[in-house]
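So this first bit is one chain, no partners, the form predicted on its own, shown in structure tokens.
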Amino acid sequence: MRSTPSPEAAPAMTPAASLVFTTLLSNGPITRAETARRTRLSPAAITKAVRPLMELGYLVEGVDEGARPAVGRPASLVWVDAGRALFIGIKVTGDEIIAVLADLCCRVRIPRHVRLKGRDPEKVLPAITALVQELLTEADGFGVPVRGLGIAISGDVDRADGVVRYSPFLEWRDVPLAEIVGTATGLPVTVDNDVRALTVAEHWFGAGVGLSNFALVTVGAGIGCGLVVHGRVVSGAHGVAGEIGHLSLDPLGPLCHCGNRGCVEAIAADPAILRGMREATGKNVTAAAEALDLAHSGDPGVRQVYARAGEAIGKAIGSLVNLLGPERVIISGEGLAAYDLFAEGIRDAFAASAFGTASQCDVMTRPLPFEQWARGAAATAIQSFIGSDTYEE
């Protein structure tokens, strides 16, 4: 018997209940009073929001014996029951599918990796379906149903319609992914841009917890950016807000796959670095690890390729900070393996680009393997399940 949703598929969520639930998801266990303070809801509104969720078993309230006050009763805390439901998250790269089975608190219970035999939808979609069925079988052992599936794909993704408009690394155009996979698996499917999905996870569980305004910049096969503004993940009116990888820094620079010249991605993403390595060395450098080894060998021309990449990323972050004023910028992605080579370029270019007090923005690095990106996909499925309106156009 497969762990597909039963008729009681999701709690009925009012905006207040959704806000309370996501607050407890990120910060629980906490008291009702602390929940009211964080959400700015009245005690009566908190009670109204949590009661049905407790009756359905999604929230639990109990005494924290370890935090007994000096006088009076022990503090009563509320938290999300992580084991009440399961979710599947999938991240698709150009080479593999990474999947996780996660609980309601988005803790990874089972990870899976499958190499792709091709990038066209005819090869990728059956592989996704087979991997989901495998995880559904694994989920049977937990005794609770899988309530949703999230899929994270690079590129221009229409979350509302579940359509991949354009994914340059997969070379997909207008693929109705949510409809196809939903029909094949019987699960509610949420499809989103991979960096935006990772931003949701960082907002709820990572370096963005407690921040109302931050940005996540990813470096690697592409240059991506997820934005949180006033506590909401921003997708923009056209779904592509935060595309700093296609900020043109040099109109006479290298041609980008988007058709423009001098984009950050055309200077600092892995393909651009590999191209620069081939030009600097005359060698047929085809892998990021190979380029990294060459750079660490000390060749000044080779290191200059990374320095230029760091400068481009630093300028882009400076522009981002000037425009939006985030409290923090988190740099992540597989490209962090080379961070020692472009860190100085990022710092110097950011300092030169950031205007006035914008330079005080906290810029930090946070390595996140692809399993965490799949976890981000699971987080978007949890979002859909609880009706969390944390996206903003």
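For every residue, the number given is its place in the sequence shown, counted from 1. What you see is a predicted model, and the numbers here were worked out from it, not measured in a lab.
As for the form predicted in complex with another copy of the chain, it is not shown, yet the points below apply to it.
Trainee: Run the contact test on V229, S319 and G325 with a 4.5 Å heavy atom cut-off to another copy of the chain in the predicted bound form and return yes or no.
Mentor: All three within 4.5 Å in the predicted bound form.
Trainee: Which one of C361, L368, I46, I331 is close to another copy of the chain in the predicted bound form, taking close to mean a heavy atom within 4.5 Å?
Mentor: Of the candidates C361, L368, I46, I331, C361 is the one lying within 4.5 Å of another copy of the chain in the predicted bound form.
Trainee: By the heavy atom within 4.5 Å rule, which residue out of T129, S212, T137, T183 makes contact with another copy of the chain in the predicted bound form?
Mentor: Looking at the other structure, the residue within range turns out to be S212.
Trainee: Of 347 to 355, 331 to 339, 52 to 60, 24 to 32, which is the one stretch near another copy of the chain in the predicted bound form, taking non-hydrogen atoms within 4.5 angstroms as near?
Mentor: In short, 347 to 355.
Trainee: Heavy atom to heavy atom, is K123 within 4.5 Å of another copy of the chain in the predicted bound form?
Mentor: K123 lies outside the contact set for another copy of the chain.
Trainee: Looking at the partner-bound form in the predicted bound form, is K117 within 4.5 Å of another copy of the chain by any heavy atom?
Mentor: No, K117 sits far enough from another copy of the chain in the predicted bound form that none of its heavy atoms falls within 4.5 Å.
Trainee: Find out whether any non-hydrogen atom of A75 is located within 4.5 angstroms of another copy of the chain in the predicted bound form, and reply yes or no.
Mentor: Answer no; every heavy atom of A75 is more than 4.5 Å from another copy of the chain in the predicted bound form.
Trainee: For P251, is any heavy atom within 4.5 Å of another copy of the chain in the predicted bound form, or not?
Mentor: Close contact exists here: in the predicted bound form, P251 approaches another copy of the chain to within 4.5 Å, heavy atoms only.
Trainee: Give, in sequence order, every residue of 220 to 257 that has a heavy atom within 4.5 Å of another copy of the chain in the predicted bound form, or say none if there are no such residues.
Mentor: The stretch 220 to 257, when checked against another copy of the chain in the predicted bound form, contributes L227, V229, H230, G231, R232, V233, V234, G236, A237, H238, V240, A241, G242, E243, I244, H246, L247, S248, L249, D250, P251, L252 at the 4.5 Å heavy-atom cut-off.
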